[in-house]
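Quick heads-up: the structure tokens below are two forms of one chain, split into structure 1 and structure 2.
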Structure 1
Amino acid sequence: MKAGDSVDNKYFHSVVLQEDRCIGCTSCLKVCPTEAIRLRDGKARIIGEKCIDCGECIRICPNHAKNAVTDKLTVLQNFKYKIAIPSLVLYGQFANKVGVNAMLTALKEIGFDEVYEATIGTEIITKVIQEKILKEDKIERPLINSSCPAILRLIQIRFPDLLPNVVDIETPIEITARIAKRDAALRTGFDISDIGVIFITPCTARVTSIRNPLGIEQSYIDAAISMKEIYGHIIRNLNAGVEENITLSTRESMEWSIIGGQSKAIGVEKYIAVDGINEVIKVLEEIETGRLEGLEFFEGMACVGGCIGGPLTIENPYIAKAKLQSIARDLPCKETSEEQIKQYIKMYEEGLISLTEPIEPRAIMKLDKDISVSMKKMEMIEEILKHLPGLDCGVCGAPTCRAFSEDIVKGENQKSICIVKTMETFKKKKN
């Protein structure tokens, strides 16, 4: 399936349930940061409206019943000219002795005409934030990175008043995709529609954003192949052909996918970098209540360790981090000329790499459009809650007793019952 093909893009989610594998164990109910999962008829159900595609449930599911919808290798057949953009995370997934050019050559051998590094994207963002956005006060402080789509979706739902703090610049991959496509069109003479940009992704949230973009009208990425899935093919191709000299990576770009790497590259003094969605939520709470005064930049990444901890990676994030840092040590630092910086800023001002569409708040927590109805519903929720045991056991299919009560009041749950409560009543009757 090609990104953009599907009719129901608006409701597309990368994270899906493989029903036959789900045994209804409730593990995923508890880890979902937006309470987007319920058990119905003994199977997990993802509430599309609430899902931010962070991949927490994929990671925790002991039965591998949660999956990511990504493109298969056959997607390459859809294009005359194929460009792979591997997430920089890929560089940390191999044994120490494998050099970057060896990895990229092996990736290319799979059937790509070209491998384009995301380095260019990280450089442009770094410079534009440094030399333009931080020097103006168009965007509220602290600036919040726009690079993690799971965090953006979280902010839409839970921290809508922090949306004006989000940096209005595209992600490294999207920027790289645009440049790669433009370059290839000029160089090869192929029509843009014949050129396929395929992202090698560690990230489920990004897959969703390709189909259903945030802040831009349309993504330039045509397909996304899971890093997990393509890994075996790369390994098989290692040392198969003549190693090409592909990489142009710099030290800063190599650390971009490690939490704190963006802040360090930008060189901003007062920053906080937080990884793991639950910790991000806690710190955003602090920012929302004005407790972190003087903070200039907030870097929040949903995955532990940053994108190196993405749900579709192979290597343990801490090991991947050590590997990336070791690669980084041997790389040159980036020197950007004044000329280039000017050009980057121009691209930003002209809307080429900036977010051109507003990121709207999504008030899905709201009980009703009418506040007095909301208040009545709230009262009912509290009333029902009084009769529930407060164990948050999950057997009813909701993550907490409160969520159960809310579902009942919202009319979203007619079937389930609270077993604990039923047992208590039963015992009382017997005595």
Structure 2
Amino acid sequence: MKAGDSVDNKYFHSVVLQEDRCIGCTSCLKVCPTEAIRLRDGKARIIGEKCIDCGECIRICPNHAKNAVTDKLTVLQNFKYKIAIPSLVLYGQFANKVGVNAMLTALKEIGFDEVYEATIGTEIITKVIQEKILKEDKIERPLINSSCPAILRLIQIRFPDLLPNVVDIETPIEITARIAKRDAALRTGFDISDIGVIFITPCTARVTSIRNPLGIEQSYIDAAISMKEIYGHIIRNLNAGVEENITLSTRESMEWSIIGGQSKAIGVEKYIAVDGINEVIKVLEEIETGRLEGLEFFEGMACVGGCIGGPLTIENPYIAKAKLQSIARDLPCKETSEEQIKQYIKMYEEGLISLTEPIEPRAIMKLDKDISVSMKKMEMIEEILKHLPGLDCGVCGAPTCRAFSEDIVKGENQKSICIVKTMETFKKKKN
């Protein structure tokens, strides 16, 4: 999709192409985990139905031709009462001398009436998985965390057989947003529609999940502002007001956005935590083929390091990780009472925090509605492949030789030729 196009026929996408900056270098072509990018007439093209908005193309593009569609601060004008929910990643973006309460106070100075941390969401998910979901024998193993929207959409496209393994619980952000709205409505008397919950996001996929949520009918979040967008505003307001004691973060919640933090908080023994979308794909392949028998929990995060490596962050993920771990060491561990745990489980069983909509596979590889025609097209793909070099060089404008063959058979590529094969033929004729 091009910049300015927010929606294709079916899906909203936060990742867009700014065509005038694209030089057709194929960098994005090679890193896209779902083969959603093609090169046409010297410019990249994003195939909307394949894109999972992971932001890998934003990260790799040397010319900044890929961008993210997020909300601007002017969105605050749409609501009478504004609540900011910052990703806990935010705390790792500033110098060590800047305290958490100073950052959150600066957020309020920007124009938010209230700052509500996602700590409550992480606590609820941790306890529900610990005390309820892990004890259910009928649930598929290994459980797969549902907190990374890019991984969920990846599973939809490439590993649909693993959808039953996904933990059927909302993300910490969604749970926190619902609780924040409810509490604000009771406290202020405002109607729910007058209360805006704005997420400060490090993640392009999260922006998409707000507009097109998976597993729930509608998101409780009203807007998402990029961490890059708001960073300068926070810096300018760090000393603008009297610092308030706002944070309720715990050691567990602070480490949640770092790879392995969820598994550690849950306390499960047989788990694998994997970061970086290509490494996640490798492990999901192992799970799909049944090679990881006995595994209880899989924590997969699309970005390197976890959410701290999101494409909309400022700080290097390794430095951010060190900062968050330093903050976490000085925080208390959360003690949850038996009564609170019962309340959380009740919320889950009543559908208040569980996924209420089925996550369906996205059949992007369907060649034809007629199965017999589809089989014939598959045979054509295999026949074309026999005559290709198998180098997956990307010169043709497709990421792999198979993708090139599929595009031809599906009628999506009528112009490109295999340069490598053409050169081989030319050399043979010349000799």
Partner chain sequence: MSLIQYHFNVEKDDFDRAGEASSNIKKILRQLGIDAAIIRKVAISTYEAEINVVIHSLGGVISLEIDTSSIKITAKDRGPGIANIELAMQAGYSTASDKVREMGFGAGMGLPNMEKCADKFEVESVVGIGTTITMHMYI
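Rigid core here is just the name for the largest C-alpha set that superposes within 1.5 Å across the two forms. All residue numbers here refer to structure 1's sequence, counted from 1. These numbers were taken from a predicted model, which means no experiment stands behind them.
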Please identify the form predicted together with its partner chain: structure 1 or structure 2?
1
If you line up the core, how far does the Cα of Ile371 move between structure 1 and structure 2, in Å?
3.3
